[in-house]
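Take a look at this single chain in structure tokens; it is the form predicted on its own.
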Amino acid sequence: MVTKHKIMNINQLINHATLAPSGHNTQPWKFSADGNIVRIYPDFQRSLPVVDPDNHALYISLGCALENLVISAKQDGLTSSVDYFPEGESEECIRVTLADENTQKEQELFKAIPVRQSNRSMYDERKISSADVDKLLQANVSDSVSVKTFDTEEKEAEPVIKLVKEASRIQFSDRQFVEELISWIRFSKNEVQAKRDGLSAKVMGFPYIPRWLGRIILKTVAKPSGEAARAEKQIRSSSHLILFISKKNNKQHWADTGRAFQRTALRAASLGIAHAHLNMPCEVESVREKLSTHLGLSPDEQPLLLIRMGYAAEVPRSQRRPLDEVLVNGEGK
């Protein structure tokens, strides 16, 4: 059983869940609260059909939100029993059943939930200590996911950097990819305030401008060779690359990949380490196959998430939609 007081806190748990990262900050989730049960639903209206045609990144985002929820529940003294896409539900969902129990809190990870941010800026080239790299790797407790690290100053990173550049050139040569990206950029302050999702101009590192002007500038500036060079420069400014590999290619493993990444990102935030997605070689299927071959992965294993880590000043934060926009048919509405 869960006490009435703690049931009243479920909305706060869901609020913490919504602080999770997602591709282009699409926030592709909905939640319901029913007594001691929270359900997380995929919102396919917020999918990215060009960059994420099989929706694996969408399910990774659900896993990130799930991990925030579970960590926040621990902070309230609650255990979380997670059922992935159980049968008998009216809609596909991840079902979390909360119960009162004395549990070991993860204080540092919990405190990092509102602090963590995707930092797309250039980093300052400082190296992460080997002790802290070990802490990042130890944050992953999932048997469904393996993690590899690459020191950006070592030769082992060079093939990965080459594949990042190749995938970046492919993406920015694709008109549909560029259009999808533009559709999720909030160029003006009015767009940011109205939508509360996507990538704001400030987050992308340029001033607020009208959408029509932003489209022209992005299409003029975002050339394949230039974007590949910019990605390499970002990597060179970072300390390490971290690659998350799903051991099987299915929805539950995708969600577990999100959970593993979120724990790692929260640990990084607690250590003052910045992170950002650099996921191009995982998004372009032909390049992902090359990456798998290079790493000697089995046919079941999928490299799905590439993150750069290092040190940088805090940058503007992405917006989140209010709870009333993500809550459906439950006590939270």
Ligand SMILES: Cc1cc2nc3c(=O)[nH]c(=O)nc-3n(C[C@H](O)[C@H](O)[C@H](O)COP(=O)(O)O)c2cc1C
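Counting begins at 1, following the sequence as shown. In this text the structure is predicted, and so the values were computed from the model without any measurement.
Here the subject shifts to the form predicted in complex with the ligand, a form of this protein not shown in this document.
Remark: of stretches 79-87, 220-228, 117-125, 188-196, the one touching the ligand in the predicted bound form is 117-125 (heavy atom within 4.5 Å). The partner is absent here, but in the predicted bound form a heavy atom of H277, alone among R39, R267, R46, H277, sits within 4.5 Å of the ligand. Heavy atoms of V287 never reach within 4.5 Å of the ligand in the predicted bound form, leaving it off the interface. At a distance threshold of 4.5 angstroms between non-hydrogen atoms, S61 is in contact with the ligand in the predicted bound form. Although the partner is absent from this view, R320 contacts the ligand in the predicted bound form, with a non-hydrogen atom inside 4.5 angstroms.
Proximity of H24 to the ligand in the predicted bound form: non-hydrogen atoms within 4.5 Å are present.
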